Structure formats: C-alpha cells, structure tokens
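Okay, here we've got a single chain as structure tokens, the form predicted alone, with questions on binding and movement later.
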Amino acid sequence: MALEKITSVSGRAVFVPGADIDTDRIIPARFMKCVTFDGLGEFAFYDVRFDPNTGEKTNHPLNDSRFDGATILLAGVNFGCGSSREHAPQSLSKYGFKAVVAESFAEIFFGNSTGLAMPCVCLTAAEIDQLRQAVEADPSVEITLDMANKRVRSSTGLDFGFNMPESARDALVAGRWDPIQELLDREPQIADLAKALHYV
C-alpha cells in the first residue's frame, strides 16, 4: 500500500512555551490505559490545560480560542524528552497537529513522530520567536513546512531553512515513513531472500 508523500505541511500555528517539555506533560501516564490511540487527543497537555483542583481551564495556549484548529505546534528546546511512550506523538496527532517546529527534539519522540508522518523540524530560538510573534499578532497567519526544499515559511513573509536528519526527511518525502508498511510491501522479496539464506 502506497503511503502518502509528505512534501508540504501547512496550517495555522500555536506556540507552547517552555524548555524540556516531556512526554508526561504531553500526555499524562494515567491516560495511557487504552487499547487504541484514538481517544488520546482530548488528553494532550491535560495537566497544564486544566487546574488540578477546580478542573477549570487554565490560560494554556491550547485553551485560547484564537488558536482553535491550529495544526502546527511551535515549541522550545528538547521537546518530547522523558519516557519513550509513543502515546505522546499519538496524542498530538489525534489532537490535530500535523507537524512540530522546535529548537530540538528528544530522539525517541522524533522517531515516533516520523512514524506517524508528523514532521518534526528544527529552527533556532530566534527564528521560532519570530514565528511566535507573527502567529500571536495574527492567529490566521499560515505556516508552511516545505519538506522538499527544507524551508519553513509564513504567510507574513518569514522564510527559514530548517534542520532535520536527512534519513527522516527523505522517508517522509518519498512516502516511506512507516517501517512496518515497508516490510509488508516487500513480503515477496523477504521470502526470496529467506530461501537464499542457508541458515533460514
């Protein structure tokens, strides 16, 4: 089955402040008692979006109606650190995010996100701050990740080159971002190779 080629991702954006945002903040462990990932979106950032004593919404950016429908998450350094739970990128994907732009990413979070076809690209702190200022001044500003040309652009004219491991970018652009599907698509070749190996 051919996978979608992720050559470009566009949408409105929201900035979530803070360094070292870990996977437990992205999706608290108590919400991981699930058979599928389908319902995780509503619990993304739950413990910082809701007051633990009153249950009332906090002033977290995801609670700001100006950013409803944002599909690109802007963040700081070492985003997705902590545990290796794949529930973290799954919850962001189910929430509606299609890409994350940050200063840097924890390695496992990055890999799990790539496996969901959700690009994670790096810009400098200064570049992300310019994007933040643009979307906070006007939440209708559109951000585009041009995966083919390795650029992040805004509808206000900002244009930055991004960093991303080439193997991950190539997998996304070529539609080879799901390693399990890669194996399934090559079952005949795997069988042929197994026959040719004397120890199988």
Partner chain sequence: MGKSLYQKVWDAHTVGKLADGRTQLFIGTHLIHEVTSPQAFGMLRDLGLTVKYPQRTFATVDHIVPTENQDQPVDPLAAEMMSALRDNCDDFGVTYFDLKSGKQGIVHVVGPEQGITQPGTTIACGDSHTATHGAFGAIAFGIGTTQVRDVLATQTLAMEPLKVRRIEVTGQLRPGVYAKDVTLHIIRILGAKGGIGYAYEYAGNVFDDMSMEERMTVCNMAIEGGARCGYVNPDAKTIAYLQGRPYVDMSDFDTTAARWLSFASDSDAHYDDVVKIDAADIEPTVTWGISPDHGIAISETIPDPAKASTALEKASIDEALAYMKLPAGAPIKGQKIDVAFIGSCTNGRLSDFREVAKYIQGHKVAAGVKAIAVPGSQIVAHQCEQEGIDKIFSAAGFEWRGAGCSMCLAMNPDKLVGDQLCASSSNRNFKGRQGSPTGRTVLMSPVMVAAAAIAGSIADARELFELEPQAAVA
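Under this definition, the rigid core comprises the largest set of C-alpha atoms superposing within 1.5 Å between the forms. These numbers were taken from a predicted model, which means no experiment stands behind them. Numbering follows the first chain given and starts at 1.
The form predicted together with its partner chain is left out here; the points below concern that form.
Trainee: Considering only heavy atoms, tell me if residue 67 and its partner chain come within 4.5 Å of each other in the predicted bound form.
Mentor: No, residue 67 sits far enough from its partner chain in the predicted bound form that none of its heavy atoms falls within 4.5 Å.
Trainee: Determine whether any heavy atom of residue 146 comes within 4.5 Å of a heavy atom of its partner chain in the predicted bound form, and answer yes or no.
Mentor: No.
Trainee: Can you work out whether residue 47 and its partner chain are in contact in the predicted bound form, taking contact to mean some heavy atom pair no more than 4.5 Å apart?
Mentor: Although its partner chain is absent here, residue 47 would touch it in the predicted bound form, with heavy atoms inside 4.5 Å.
Trainee: Within 4.5 Å, heavy atoms only: does residue 83 come near its partner chain in the predicted bound form?
Mentor: Yes - in the predicted bound form, heavy atoms of residue 83 and its partner chain come within 4.5 Å of each other.
Trainee: For the chain seen here without its partner, which of 67 to 75, 106 to 114, 93 to 101, 126 to 134 has a heavy atom within 4.5 Å of its partner chain in the predicted bound form?
Mentor: Among the listed stretches, the partner-contacting one is 106 to 114.
Trainee: Could you work out which of 170, 138, 42, 159 is the residue within 4.5 angstroms of its partner chain in the predicted bound form, going by heavy atoms?
Mentor: Exactly one residue meets the criterion: 170.
Trainee: For the stretch 6 to 43, I need every residue with any heavy atom inside 4.5 Å of its partner chain in the predicted bound form, listed N to C.
Mentor: 20, 22, 24, 25, 29, 30, 32, 33, 34, 35, 36, 37, in sequence order.
Trainee: I want to check residue 24: does it shift between the shown form and the other one by 2 Å or more at the Cα, with the core superposed?
Mentor: False for residue 24: its C-alpha shift is below 2 Å.
Trainee: If I superpose the two forms on their rigid core, does the C-alpha of residue 10 end up displaced by 2 Å or more between the shown form and the other one?
Mentor: The answer is no, as the C-alpha of residue 10 shifts between the shown form and the other one by less than 2 Å after core alignment.
Trainee: Residue 185: CA shift of at least 2 Å between the shown form and the other one after core fit?
Mentor: Comparing forms between the shown form and the other one, the residue 185 CA shifts at least 2 Å.
Trainee: Closer or farther: how do the Cα atoms of residue 190 and residue 108 compare in the predicted bound form versus the shown form, where the change is at least 3 Å?
Mentor: They are closer; the C-alpha distance drops by 3 Å or more in the predicted bound form.
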